[in-house]
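Before any questions on how it binds or moves, here is one chain, the form predicted alone, in structure tokens.
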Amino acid sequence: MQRYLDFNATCPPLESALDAQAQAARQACGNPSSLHWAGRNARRVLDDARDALAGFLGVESGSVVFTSGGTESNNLAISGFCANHKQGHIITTAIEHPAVLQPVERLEQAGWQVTRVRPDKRGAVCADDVAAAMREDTRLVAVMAANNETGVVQPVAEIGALCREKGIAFMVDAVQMLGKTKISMCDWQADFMSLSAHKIGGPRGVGALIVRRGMNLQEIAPGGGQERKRRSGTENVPGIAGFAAALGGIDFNAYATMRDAFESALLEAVPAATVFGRDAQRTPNTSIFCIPGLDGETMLMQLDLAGFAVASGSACSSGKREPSHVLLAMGATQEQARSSIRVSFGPGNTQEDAIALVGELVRIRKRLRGMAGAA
């Protein structure tokens, strides 16, 4: 039996999103920049989707910039904003997604100064630490709303208030927050907010950057001037229609009880296991843990053979042997970071899946320890 438990990596598409995507592909086949009837049909679908996303988020339609996903949105916000300002100082955190860490690192190599704030042992960044890092030349603060590995929710509203008081631009990576709790650009006082469709049952290869009125961006890939000259390239109208159709289609809060039952059963069956971030506020479907003495990649492969699709640390880095940078920043040991397994629940999962996973982990542990000659 196959059990999919990796919804933080990607969420299988909703039927509503597939239907909207197929309908747009058939009926709105024109280029939305064209002036003829086919182009106007495509433009109408694009505008309707933009209005739907803006209404869902409580923002202006003109603030929505459609992109290819969260990675492009993060890069556009960071690189596009900094390109319009003289070199200065950037604040981010040590637990960000590589789509934030790497463009920031590239700017650092070009002469920008960077402070990477570390989290506490629960995986939460302290707003006071961000405040302490602020300088006269701080131009941008970039912080994720919820961590993709641990699910730990970050104090973005507090950080946003600090940035607004100091006149510093604030970017929020909200990719893992969409569909899991209320998102409010206004409450967060954010200037930029990145989103991705496939995390909520929309199509892959589609995302959005929300840009507050008055914030200027330099295009990172100049071209035809689409998206109000902020992101050139013919818009993916079918994918964008699918994104809009997926909004509100999944309530991940329904999986909090399942996640908690899984963790309780795991700790009862394997008291030596560690569940990271358990004492912090987390997204409701996410759990990351380690079992001492067992390599995470080995566990992942054994679980795969048993029909369980889970992730080893960050799904975006699961092909690498480096330990989780998030867990290391939280104070975990190299062994713990290498042994981590992330489970993220979603549509189609049941309590039986959670308990079955615990049973399989116990069996794998016993088998591997036996092969190693351990008791």
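From 1 onward, residues are counted along the sequence shown. This one's a predicted model, so the numbers in the text were calculated from it and none came from an experiment.
The following text describes the form predicted together with a small molecule, which does not appear among the structures shown.
Colleague: Contact between residue 175 and the small molecule in the predicted bound form at 4.5 Å, heavy atoms?
Modeller: Contact check for residue 175: yes, within 4.5 Å of the small molecule in the predicted bound form.
Colleague: Within a 4.5 Å heavy atom cut-off, is residue 198 in contact with the small molecule in the predicted bound form?
Modeller: Because a heavy atom of residue 198 falls inside 4.5 Å of the small molecule in the predicted bound form, the answer is yes.
Colleague: I'd like to check something about residue 189: if you look in the predicted bound form, is any of its heavy atoms closer than or equal to 4.5 Å to a heavy atom of the small molecule?
Modeller: So residue 189 does not count as contacting the small molecule.
Colleague: Examine residue 69 and determine whether its closest non-hydrogen atom to the small molecule in the predicted bound form is within 4.5 angstroms.
Modeller: Because a heavy atom of residue 69 falls inside 4.5 Å of the small molecule in the predicted bound form, the answer is yes.
Colleague: Any idea which of 190-198, 226-234, 152-160, 278-286 reaches within 4.5 Å of the small molecule in the predicted bound form, heavy atoms considered?
Modeller: The contacting stretch is 190-198.
Colleague: Exactly one residue in 209, 141, 144, 245 has a non-hydrogen atom within 4.5 Å of the small molecule in the predicted bound form; which is it?
Modeller: Only one option qualifies, and that one is 144.
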